[in-house]
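One chain is shown next in structure tokens, namely the form predicted on its own.
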């Protein structure tokens, strides 16, 4: 269990793999912690040096008073990568993690040499939509939004599994202020023009059953970057690394190998 003190903010992180391995950073979605990636890591190529972390307001990291800005989340990630010595990394971001990936690649190309934009967008939803969700959580906690969130996140067959209930509980255990703080960051973000300025290898990953960031949004975002590609996983929702880990890992492995891993 590692905590990085970044100018007074403590972030929980974990590093796996050899010190001389290819650096890969994973950033997870709103309402999850870095266990999001557990199932795919054993399926990836050997020799990677992998950094995972809980963003502010999530998991075991500090939960300062919100709302947060996307700039703060990007800065947190930048400081953590500097702290841990991760540079020239392949950055894999899912949902809000994919927004962080876009912003960080724009700000610090020395840290990011390739991006995987999974189940994300240059802009996700509207300010009004996020305001309604934040108001609901402020009034009734995450229980007020858990059921519609799970409908958007997971395919119907996955709802019948025991594993589904673990992810539902993870969501409910997220600090409400961390969720609303990060929700405000998403609400205030529009990266269409900045992402269109990126010139680096990029892969989009989408799920056909994703009610939060549908395949068309993922493809539209990834297409902003010349030479990019988008892969769609059938039968998976917003977290395909959970529902279809083997297929997700295979797609990711192909991209990693294309980067010389």
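Positions refer to the first chain, counted from 1. Bear in mind the structure is a predicted one, so any value in this text is a computation, not a measurement.
Below, we refer to the form predicted together with a small molecule, which is not included among the displayed structures.
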Q | Proximity to the small molecule in the predicted complex, single hit among 158, 167, 86, 130 (heavy atom within 4.5 Å) | A | 130
**Q.** Residue (of 105, 96, 90, 73) lying close to the small molecule in the predicted complex, criterion heavy atoms within 4.5 Å
**A.** 96
Q.
Quick check for you: of 41 to 49, 192 to 200, 28 to 36, 216 to 224, which stretch puts a non-hydrogen atom within 4.5 Å of the small molecule in the predicted complex?
A. 28 to 36
Q.
Is residue 152 part of the interface with the small molecule in the predicted complex - any heavy atom within 4.5 Å?
A. yes
Q. Would residue 228 sit within 4.5 Å of the small molecule in the predicted complex, counting heavy atoms only?
A. no
Q.
Whether residue 134 contacts the small molecule in the predicted complex should be assessed with a 4.5 Å heavy atom distance threshold; does it?
A. no
(Q) Check residue 114 for me: does it contact the small molecule in the predicted complex (non-hydrogen atoms, 4.5 angstroms)? (A) no
